[in-house]
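As a starting point, one isolated chain is supplied in structure tokens, in the form predicted alone.
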Amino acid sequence: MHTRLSSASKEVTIGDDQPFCIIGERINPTGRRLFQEQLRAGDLSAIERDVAAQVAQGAMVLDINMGVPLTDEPALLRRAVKLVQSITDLPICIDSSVVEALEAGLSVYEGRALVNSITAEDDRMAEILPMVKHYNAAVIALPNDHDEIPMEADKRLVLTKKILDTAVDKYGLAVEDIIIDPLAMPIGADPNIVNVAYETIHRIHDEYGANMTVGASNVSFGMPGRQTINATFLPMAMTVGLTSAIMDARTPQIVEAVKAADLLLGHDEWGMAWIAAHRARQVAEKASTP
């Protein structure tokens, strides 16, 4: 099952027979006080630096979130989408909890965007899925509802089915345009919670064939050595069906772990991408040596 995203000039395909899709998480003001202050002042220059850093390390899609308190989020997200599309050809994931902001971003986007996100709540699906259909986008869906974030794989599968059935039967979307987030939660909060995520990924892959993504940094939240945890979590998740992640695309340790897993899982024919990246590093190291 292939989910196709595009900019005006470039297409990215997500699927379990494709290289793992790295969605860069950096263009997000959460936890970034200086970035928030700059955005309130109308200064988007940090976005240009974040784009360059993520593209250089291998991001394939860029997530854009402009959720800054005391700002006009729809206007800010519209500006950010236009700016990012002016400096890179990578497809964009338009990320907001505000429906008006999502529509503002989609209205100026050139290509086929990814929308982040819906839940299994009926009102949230009713607000967002018609918009996703109208703009011919794809959407990330989280299997939680008004009642809870389920701690068991069984409940997550029930809500996944509800989302897929509703999106396809009621709103006319294709199954391949729904990317499920199986809910990766902090290992520091519950020592079994990541095993639940792996079980959920495996069962969604086997029962529905749907593409999946996670907020990979969630897993290591509150723990030391976060990069090592994330660089271990993702390849393990890939073996049971995870096909993309919103992740730190600037950290070589994490990106290289994903690329090595692609090689070992047969998603890098003859290791050509791995070899090319190795040679590029050699050239860069040689150029930087006095």
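Residue positions are given as counts along the sequence shown, with the first one as 1. Just so it is clear, the structure is predicted and the values come from calculations on it, not from any experiment.
Another form, the form predicted in complex with a further copy of the same chain, is not on view; read the next lines as being about it.
Colleague: Quick one: E11, A53 and V61 and a further copy of the same chain in the predicted bound form, is every residue within 4.5 Å by at least one heavy atom?
Modeller: No, the candidate spot makes no contact with a further copy of the same chain.
Colleague: If the cut-off is 4.5 angstroms on heavy atoms, which of these, L83, V175, I187, L157, is the one near a further copy of the same chain in the predicted bound form?
Modeller: Only one listed residue qualifies here, and that residue is I187.
Colleague: How about A280 - does it come within 4.5 Å of a further copy of the same chain in the predicted bound form, if we only consider non-hydrogen atoms?
Modeller: No - in the predicted bound form, heavy atoms of A280 and a further copy of the same chain never come within 4.5 Å of each other.
Colleague: May I ask you to check whether A257 falls inside a 4.5 Å heavy atom distance of a further copy of the same chain in the predicted bound form?
Modeller: Residue-level check for A257: yes, a contact with a further copy of the same chain.
Colleague: Would N195 show up as a contact with a further copy of the same chain in the predicted bound form if we use heavy atoms at 4.5 Å?
Modeller: Residue-level check for N195: yes, a contact with a further copy of the same chain.
Colleague: State yes or no: in the predicted bound form, is some non-hydrogen atom of H205 no more than 4.5 angstroms from a non-hydrogen atom of a further copy of the same chain?
Modeller: Contact with a further copy of the same chain, no.
Colleague: Any idea which of 196-204, 175-183, 126-134, 106-114 reaches within 4.5 Å of a further copy of the same chain in the predicted bound form, heavy atoms considered?
Modeller: Looking at the other structure, the answer is 196-204.
Colleague: Heavy atoms within 4.5 Å of a further copy of the same chain in the predicted bound form is the criterion; list the residues of 259-280 that meet it.
Modeller: Heavy-atom contacts within 4.5 Å come from A260, A261, L263, L264, L265, G266, E269, W270, G271, W274, I275, H278.
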